[in-house]
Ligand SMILES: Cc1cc2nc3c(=O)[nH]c(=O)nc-3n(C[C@H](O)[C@H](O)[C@H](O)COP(=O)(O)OP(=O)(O)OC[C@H]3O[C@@H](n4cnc5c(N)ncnc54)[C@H](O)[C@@H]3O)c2cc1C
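A single chain, nothing else alongside it, follows as structure tokens in the form predicted on its own.
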């Protein structure tokens, strides 16, 4: 059966390799990563060794040279095995795309070569305490100092905060008249002025090390700029947001596929001793499973359409990007909710170690509050459909 993301032979082979890695390494550590809320160091190391941290880095810099279709397929396979690992991968790849897009970042190619080798993990640090989920509107500012700048910021919800080697982050340009006059810059986390807080304790995605980060009097050289001064919104909306949106949509589909597979296995392998029948013999449970499968495949098909629009560069592509993220997040909520209902007490009480419905249920909820939230997406989609600017 053709893949819903229309993969070519090379992308399909990479997806198969990722599925094997997800089963052999990522899934093996996922329960413990979730239980102890610890970073999936083994899984991220395996991604680096397999070249997947450089999946979308150009081949002439040592990367695998893949595009959005392979990115989504890989993110989905990782989401199926461990959503925390998938979140780290999606943030890393989205930040890497911002670096690739830069015309001003010093040593850009050397940095991308390190990423391709699996020797550098990057992430996004856009949301701030002062503007909350409106990540496109930083309240932190760059202040001119000598040939460069200095900045202070209270960043929030930074994935891989204590483990990334760099942050792709943002601040208003000097003398900005609006938060949209922002600038994207690269901050190396080894700097003493960068202080992430340890100990993320969330409902779901418990291993993604999402934490607030304090930036205090950090010097930003001009060679650290990823975007032009005042052009940060362009990088956020034209590069980071599309990659993040399709990546998190694919990750949500991984959760859906895991829930469908776990539910089907439970219904087929569990039964009633006194009647000799299985749970799958109950029509209401089969109906729930059918609804889960249809909802999953409908959302995957929409992502496939969005990828085609992106590849063709159509004017409708941004609308499909926003729509597919919303559809996938809602699908993950609906499918994991149905899975918990279909599997009953065994899932609720965590008695299904080989089929962690309860963990999938919790992980799926993270997307609802992750910027841009579903409420933001509804507003953006409505504006796009009526010809209004997003901001």
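What you see is a predicted model; the values in this text were computed from it and never measured. Positions refer to the first chain, counted from 1.
There is also a form predicted together with the ligand; it is not shown, and the following applies to it.
Enquirer: With the partner removed from view, which of 96 to 104, 171 to 179, 294 to 302, 133 to 141 is the stretch that lies within 4.5 Å of the ligand in the predicted complex, judged by heavy atom distances?
Expert: In the other structure, the partner sits against 133 to 141.
Enquirer: Check residue 205 for me: does it contact the ligand in the predicted complex (non-hydrogen atoms, 4.5 angstroms)?
Expert: Yes, residue 205 lies within 4.5 Å of the ligand in the predicted complex.
Enquirer: Using heavy atoms and a 4.5 Å limit, would one call residue 366 a contact residue for the ligand in the predicted complex?
Expert: Yes, residue 366 is a contact residue.
Enquirer: Might residue 91 be said to contact the ligand in the predicted complex, defining contact as any heavy atom within 4.5 Å?
Expert: Yes, residue 91 is a contact residue.
Enquirer: Is there a non-hydrogen atom of residue 21 within 4.5 angstroms of a non-hydrogen atom of the ligand in the predicted complex?
Expert: Result no; residue 21 lies far from the ligand in the predicted complex.
Enquirer: Which residue, 235, 151, 210, 166, has a heavy atom that falls within 4.5 Å of the ligand in the predicted complex?
Expert: Filtering the options by heavy-atom distance leaves 210.
Enquirer: Would you kindly say which of 25, 371, 381, 12 lies with a heavy atom within 4.5 Å of the ligand in the predicted complex?
Expert: Contact with the ligand in the predicted complex is made by 371 alone.
Enquirer: With the ligand taken in the predicted complex, which residues across 117 to 143 come within 4.5 angstroms through any non-hydrogen atom?
Expert: Contacting residues: 123, 124, 125, 126, 127, 132, 133, 134.
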